[in-house]
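Following this are structure 1 and structure 2, which are two forms of one protein chain, each written alone as structure tokens.
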Structure 1
Amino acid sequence: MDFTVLTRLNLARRSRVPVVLVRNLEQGTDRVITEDEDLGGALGEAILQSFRSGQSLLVEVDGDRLFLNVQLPPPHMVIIGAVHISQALAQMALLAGFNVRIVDPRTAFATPDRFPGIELAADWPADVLKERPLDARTALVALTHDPKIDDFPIANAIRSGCFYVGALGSRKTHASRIERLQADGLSKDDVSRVRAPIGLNIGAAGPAEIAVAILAEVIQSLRLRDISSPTKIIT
């Protein structure tokens, strides 16, 4: 591989642009194709398919064997609440390859001292999410159990088709949350997408173990989702 090809590839990856490296195994040549380029024909179709599925694969085009190595930008995790669990979860999610952002209007909680190296927004979720909207590549984790802070981003995440929506709180807390979300105009089906109690049931005790349970549930949703039928977006 030529070094300029590698730097172009890494630049696209760093800029979070979906990109495919096309290696011609017969001729030993490489091409970097970004998502906005449409090559057309059989190769264009194969590249489109790999962007959609996120799967790298070997294809044969005009008698040449080509390896399409697709690189999709990492998923995002938006954590509502700069709480104790978030301190562990943010670091773990970063290590697992997520882009992590924490939102909490309580300035005493959202401090760089408590979250070194993590992107923080000490502001109301409604304002923050207007600036940078949620999308299908984002997991929303609500951890304040304060309806004033959590409810808006949870409803917003459902409407934006986030691949994961989870909320901390007991069954009782969640039952009243469901009522509020339905009063806000969401259907029973929509609301059932919220994972609560949050996290896989591994008997987690303490903030770090609960963070493991949450991250495992988020990864499960990401990897086992049905790519042929994306989560619906409610407009």
Structure 2
Amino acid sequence: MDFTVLTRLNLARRSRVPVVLVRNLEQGTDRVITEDEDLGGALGEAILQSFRSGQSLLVEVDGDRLFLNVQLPPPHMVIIGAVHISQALAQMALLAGFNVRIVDPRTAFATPDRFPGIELAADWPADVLKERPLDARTALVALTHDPKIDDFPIANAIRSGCFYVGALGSRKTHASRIERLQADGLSKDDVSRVRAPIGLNIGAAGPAEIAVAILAEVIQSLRLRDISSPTKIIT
């Protein structure tokens, strides 16, 4: 493999940026494609399919056989609030292949016995996210109902380009949230990205069913996301 290609692959891995390594099986050449490259045509459609599905493909384009080796960093889910919904959602998200973190400064809730095997941060989101920033491969799920805890990570997720931003709360609660976020400098288009009421509308009742609805919406957002202007990285 060409050294330049290998360098770009390693940089992408370190930066948590999705790429497709396109190997021309006829010519023995490689090229690295990032999500923001709009190739168009049959190759562009095949690469888009690989990015969204996470599956590598063998395709034929203009008489050449091409192997599309998709390399996606594992998706993260950051859950704000160590509540009952979080207990179910965290375990389900792990099974679905997400790296899960729960952030809640309320130490009475964020305890290992309530969340066995889940990474916990019993600290304020502003401090936690400064140490480990959000990125475009992250879903942010805010569940505390407390603006002092939820608002900062929601705004941070929007600014960081997270592929999913959702927040628990009634329509009245969300209307107040929108006012606060816009007062914090976010635009109308920015705040429209927040999924609220959170989760797919499946008539969910109880924490476990609400967790199912949230995870389904997160997966839908991951697989059907607009990747026309994703993570910035590779140079």
Partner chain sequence: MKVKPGISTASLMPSEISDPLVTAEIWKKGGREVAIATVIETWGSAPRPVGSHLVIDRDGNFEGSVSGGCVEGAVIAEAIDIISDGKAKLLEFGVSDETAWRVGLSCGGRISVHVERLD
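Here, a residue number simply tells you its place in the sequence of structure 1, counted from 1. Note that the rigid core is defined as the largest set of C-alphas that superpose within 1.5 Å between two forms. This structure is a prediction, so every number in the text was calculated from the model and none was measured.
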Quiz item: So which is it, 1 or 2, that shows the form predicted alone?
Solution: 2
Practice problem: Check whether residue 104 and residue 208 fall in the same rigid part when the chain is split into two rigid parts between structure 1 and structure 2. | Solution: yes
Practice problem: Report the hinge rotation between structure 1 and structure 2 as a whole number of degrees, treating the chain as two rigid parts and superposing on C-alpha atoms. | Solution: 67
Quiz item: Rigid core superposed, residue 70 Cα shift between structure 1 and structure 2 in Å?
Solution: 3.0
